[in-house]
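Just the one chain here, laid out as structure tokens, in the form predicted alone.
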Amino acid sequence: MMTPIKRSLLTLASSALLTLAATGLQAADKHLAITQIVEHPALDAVRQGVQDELAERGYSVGTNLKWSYESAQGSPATAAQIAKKFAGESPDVIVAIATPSAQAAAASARGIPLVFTAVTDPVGAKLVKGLDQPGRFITGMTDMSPINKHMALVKAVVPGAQRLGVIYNPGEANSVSLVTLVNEEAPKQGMSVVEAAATKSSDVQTAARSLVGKVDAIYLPTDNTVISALEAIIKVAEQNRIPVITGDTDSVARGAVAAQGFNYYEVGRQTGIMVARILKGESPADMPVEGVERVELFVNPGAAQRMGITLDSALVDSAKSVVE
């Protein structure tokens, strides 16, 4: 017959086992918080790539993965609010899409693993100390554009171009880095640069109009403020027959003449692999920042005609995607 003391000990042991079992179940569930500076096709593709890659690796949203997502709608102040909210929830990993969201998350995360993506210059943005040894609790992916190839593409599309307009947001660290490179590379292709600043989406059309009569072509870096308002630039360019070339391939289907850039869905898939490694226990401090090597050419002959030029047939034939 079981004594009262033995019964009490057995009850305590059972309770402990139940607690451990419950802890084990909770440990199997992961929480990913994802913050994005603004919604446009390229950044949305990154987010979808992260989700699909995690699903293939056994982390299914709503099943064993809690997925918290918020967009700052282009506002750095809102990005900071989102970062503080996510830090208070203590997720297993924070994913930050684009530089302003990554900077806000880095300021609030306080040791929570942070993976940034679609960030052009993570060292210049002070997210990591170096690409090979990021340190702290942060790592991620850089999408530094091959500006030399972009300038060569401008000349391939508009061989006679001598004055190149560039629209960008001087408040985005990644854009400032890219425009610095444009100013270095454009003269090598025989072009001078005319800059037009747009600090918010509503300023983009005015910036485009300021270039009319001053430039032979417009180049748009992967600037989230500018790309999110692309249609306003296309309207000005078509009215004034100024070809638009970008570093964002999704912009070609929206009316740009040509782009040479990354497949941002694949950037998201590569980011998802890094997130999965952290969910399994690796430290982001020991994971080097990764880059994207392959670029793809997209062209839009119809947009070229509307902007007053005809694309070279060899250039069209070399494109991965031709928008009809």
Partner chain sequence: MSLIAFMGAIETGLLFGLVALGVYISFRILDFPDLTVDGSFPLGAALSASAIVAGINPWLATALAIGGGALAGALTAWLNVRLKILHLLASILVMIAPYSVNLRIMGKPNVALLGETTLLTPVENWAMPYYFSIPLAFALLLVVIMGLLCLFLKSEIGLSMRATGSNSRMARAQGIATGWMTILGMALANALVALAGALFAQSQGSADVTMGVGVIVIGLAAVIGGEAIMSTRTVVLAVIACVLGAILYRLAIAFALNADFIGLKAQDLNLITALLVTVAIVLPGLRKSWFGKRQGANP
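Residue numbers count along the first chain shown, from 1. Given the structure is predicted, the values throughout are model-derived calculations rather than measurements.
FYI, the form predicted in complex with the partner chain isn't displayed, but the following is about it.
A residue is said to contact a partner when one of its heavy atoms sits within 4.5 Å of a partner heavy atom; residue 214 fails this definition for the partner chain in the predicted bound form, lying far away.
Taking non-hydrogen atoms only, residue 223 never approaches the partner chain to within 4.5 angstroms in the predicted bound form. Taking the partner from elsewhere, residue 139 is found to have every heavy atom lying beyond 4.5 Å of the partner chain in the predicted bound form. A residue is said to contact a partner when one of its heavy atoms sits within 4.5 Å of a partner heavy atom; residue 70 meets this definition for the partner chain in the predicted bound form. No residue of the trio 149, 158 and 193 has any heavy atom within 4.5 Å of the partner chain in the predicted bound form.
Remark: of stretches 238-246, 149-157, 214-222, 126-134, the one touching the partner chain in the predicted bound form is 126-134 (heavy atom within 4.5 Å). Proximity to the partner chain in the predicted bound form, defined as a heavy atom within 4.5 Å, singles out one entry of 104, 119, 233, 252, which is 104. None of 282, 52, 290, 39 but one reaches within 4.5 angstroms of the partner chain in the predicted bound form through a heavy atom, and that residue is 39. Contacts with the partner chain in the predicted bound form, taken as any heavy atom within 4.5 Å, map within 152-169 to 169 alone.
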